[in-house]
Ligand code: ARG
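Taking the form predicted alone, here's one chain by itself in structure tokens.
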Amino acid sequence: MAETTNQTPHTRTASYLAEPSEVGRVLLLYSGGLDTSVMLKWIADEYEAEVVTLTVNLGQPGEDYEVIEGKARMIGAVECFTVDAREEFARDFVLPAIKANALYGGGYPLFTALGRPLIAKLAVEYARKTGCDTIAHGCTGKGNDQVRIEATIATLAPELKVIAPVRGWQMGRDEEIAYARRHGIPVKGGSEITPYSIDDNLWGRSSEGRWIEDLSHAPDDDVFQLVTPPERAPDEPQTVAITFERGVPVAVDGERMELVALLEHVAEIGCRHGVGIVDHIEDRIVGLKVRDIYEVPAAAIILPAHAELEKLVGTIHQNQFKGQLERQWAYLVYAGLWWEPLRGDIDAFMAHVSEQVTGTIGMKLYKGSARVVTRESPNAVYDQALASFGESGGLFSQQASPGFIELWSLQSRMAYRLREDLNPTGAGPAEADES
């Protein structure tokens, strides 16, 4: 018989949410942490259902997937699956973000937002493969991840149902720990209280909770588990050369690497030099404004390098227009609309632009900063001789400049004179009307 918990009354507010009578076999997205471990036992008891677990490796550091699987089986999972999706994540999700120079709100490189649609897609595949009728996740009702996961499931598999126990059971952390103790469920890492809520993959790491919610509180050093605090970074700078071919990062300091290895290598260098700490105020799509601490060493080096190379090979018109599409792309991904056709349309434009994005950018890293110092590309829309001060000839004639200036400023000059004639005293609009 199911254990009684403090649970809100069940009401179906979306067609894909599962009624208890519809649940027989559940695919649980399982991390091995407190929430999903308690969920595993709770779902099995509450719904009298078989539970299959799926754990997805997107490059989270320090995970022992054999231990995670063993824990799931010990709690009661009937089948356990672990998928190494790092290559797919890097190729099909991170790489399009690089080509889109993707940042949400000017600072967040979308690592969690990129990972969730892939995790949900794999959940659909394994749910179908194992005969599950329902997918369960551990997202809360205050976050964006519930949108990203459930929108993906509803898009790819409308026949599958969803349950989200954390959103409805109203157990706080203390109640979850007590529940775990009663049922002999070990807490991840052997610690019953972890100070932060963490999400990470090979493109970045986020921390929430504890003092982070207090906007007046400066970051404590213990939150930084990847990036060295800048004041403790090496005293000597390091210049790293990132080579791109058609928009794809392919080499670091001349050494060619596969994409996953390259992202991990650049992240390691950035961590050492304190690069990639982002203290960010963010507008969530569920209506909240929140503060997050991000550690994004690879993104903090690769994104500005890619953007600089793209700026070098693009025309002024391409560069101004692409920025508008980049913001739209980042918003769609952040908002959980990975499968929106517009994103694919924008991807096609990004891929076309990337055909010219070949070259090498040197990034100088020093105590938390990463700045462009060298640029090289066979496709650069740049001529050193033309750019040289005082030089003339070839495609550029300095003597032609006065005629250009006269024509370029024509409308602005005409408009200025017309307004001066209407308002010769220079008074503001209201004053002119009164006179």
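Start at 1 and count along the sequence shown; that's the residue number. Everything quoted here is computed from the prediction, not taken from an experiment.
Here the subject shifts to the form predicted together with the ligand, a form of this protein not shown in this document.
Think of it this way: in the predicted complex, the ligand has a heavy atom of just one of 176, 308, 292, 326 within 4.5 Å, and the residue is 292. Only one of 88, 79, 279, 282 comes within 4.5 Å of the ligand in the predicted complex through a heavy atom, and that residue is 282. Although the partner is absent from this view, residue 150 stays clear of the ligand in the predicted complex, with no non-hydrogen atom inside 4.5 angstroms. Taking the partner from elsewhere, residue 208 is found to have a heavy atom lying within 4.5 Å of the ligand in the predicted complex.
Not displayed here, the ligand is approached by residue 197 to within 4.5 Å at the level of heavy atoms in the predicted complex. Remark: residue 296 does not count among the residues lining the ligand in the predicted complex, judged by a heavy atom distance of 4.5 Å or less.
Contact check at 4.5 Å (heavy atoms) against the ligand in the predicted complex: all three of 108, 113 and 334 pass. Residue heavy atoms within 4.5 Å of the ligand in the predicted complex occur in exactly one stretch of 129-137, 159-167, 352-360, 142-150, and that stretch is 142-150.
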